[in-house]
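Just one chain follows, in the form predicted on its own, and it is written as structure tokens.
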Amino acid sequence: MKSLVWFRSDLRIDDNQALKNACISSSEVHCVYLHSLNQNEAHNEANCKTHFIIENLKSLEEDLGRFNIPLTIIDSNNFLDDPNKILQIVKERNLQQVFWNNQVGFDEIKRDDMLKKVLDENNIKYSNYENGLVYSPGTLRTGDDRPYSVFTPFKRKWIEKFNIDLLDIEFNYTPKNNTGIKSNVNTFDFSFKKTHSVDMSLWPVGEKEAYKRLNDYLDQKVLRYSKDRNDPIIDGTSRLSPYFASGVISPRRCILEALKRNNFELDSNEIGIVKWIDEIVWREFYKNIMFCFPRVSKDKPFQEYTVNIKWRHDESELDAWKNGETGFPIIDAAMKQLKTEGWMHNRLRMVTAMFFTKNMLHDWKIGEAFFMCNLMDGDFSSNNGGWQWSSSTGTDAAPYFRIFNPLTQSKNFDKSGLFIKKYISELEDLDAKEIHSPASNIRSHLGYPEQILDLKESRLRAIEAFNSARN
């Protein structure tokens, strides 16, 4: 049999259910990736992420080539165009079956339903699988058969149902019959124009590099994860999120390798490993939320009453936040890290998002979109879930009256101001007492802006806005 594998957010060979099953059932395998600048723009995909994906496609082409599997890039207008593009290549190459791994967004599910209909109408078989998730979205249910909307009971059920066979992902690929078709990744015109300023050397491409990063982290740093994960100047996190977002490495592979180092215990033994696995389960939780509650894919809050919040909109404040010029050093350093690295430390994502939605009282959807437009690891479900958590509009959200004080956060997690100094050169000579909130005369002398708002007043304003929305 001759089959087609459609790559989407799964740019890897390891733990790729669609590719694996195509190779098992087929003597000849073709692969395709649909590239759409229009769709990327519609979904706020970051320029740096598109850059990362293109480079990883080149690496994937080489990996597939070892097994005589060609990778063809095809230009598509948008999701509505995708089903016919797939049908066209199937007919042109006389292929009998299409394989793909699922995505959980509303638009993606709608697109795949359209594809199924087109394939059914043309009597073409198809098979679809989960993209590296341990459990299919929607399958973990509460006692009264409802989807979970709070993380802790979701995780409890996740562990209760867990069986090591769920991580049976090892598979040895063997060469397939030569298709006579050459891959076109290196000759395809992606029409990509670099507009980002991210240091791409921070993110070496390819599945081998992702796997090396995983093993280096597990061997050298994960045991300190619980202690180091909130300090942004310490390289205490795995920085695997860009590889997750584009599917260069799978969550199941990461969990399996972590469990090997923890005597296969999910909730005991090394606390650093347990906590690190928790963070991967969070990603699965947010995908579960997006699948079970499609409204969060449609710019709607999970907490429905919060649609009544009267958000402010101040263009000067918005620009100050985007450019790292709010006058709050920890916020500004975090925003500059985003622009420099295409990535932000997770603790600071919460701090900056809460400052944006609570102190500034700006609509979370604007901040969510800005992050997606700049994140190398932009993952719709995780980014949406994080922003809605911080803004108290989402599932398992922080209580609306819980508002991180950025000065307190700065003093607690960047005690010496080393992170601030790394990204705000104007403040690099200040001591630990001055740097978190420099005096006005120091700001003036160093050319660093005054604070754009009063923390106490803005906190009370936010609480009033949420109270009004509830009544």
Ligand SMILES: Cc1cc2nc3c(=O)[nH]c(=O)nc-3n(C[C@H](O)[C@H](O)[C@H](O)COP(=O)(O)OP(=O)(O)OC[C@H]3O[C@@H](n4cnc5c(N)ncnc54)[C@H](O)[C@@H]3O)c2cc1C
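Computed from a predicted model, the values in this text were never measured in an experiment. Start at 1 and count along the sequence shown; that's the residue number.
Separately, the form predicted together with the named molecule exists; it is not shown, and the next lines address it.
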With a 4.5 Å heavy atom cut-off to the named molecule in the model of the complex, the contacting stretch among 75 to 83, 374 to 382, 89 to 97, 329 to 337 is 374 to 382
Review point. Any of the heavy atoms of R261 lying within 4.5 Å of the named molecule in the model of the complex?
Key: no
*Give a yes or no for W282: in the model of the complex, does one of its heavy atoms lie within 4.5 Å of a heavy atom belonging to the named molecule?*
yes
Is the gap between M344 and the named molecule in the model of the complex 4.5 Å or less for some heavy atom pair? yes
Does the named molecule come within 4.5 Å of any heavy atom of M200 in the model of the complex? no
The one residue among I109, L240, V274, A397 placing a heavy atom within 4.5 Å of the named molecule in the model of the complex is L240
Partner-free chain; cross-checking the named molecule in the model of the complex, the single residue of G105, G386, P137, G324 with a heavy atom within 4.5 Å is G386
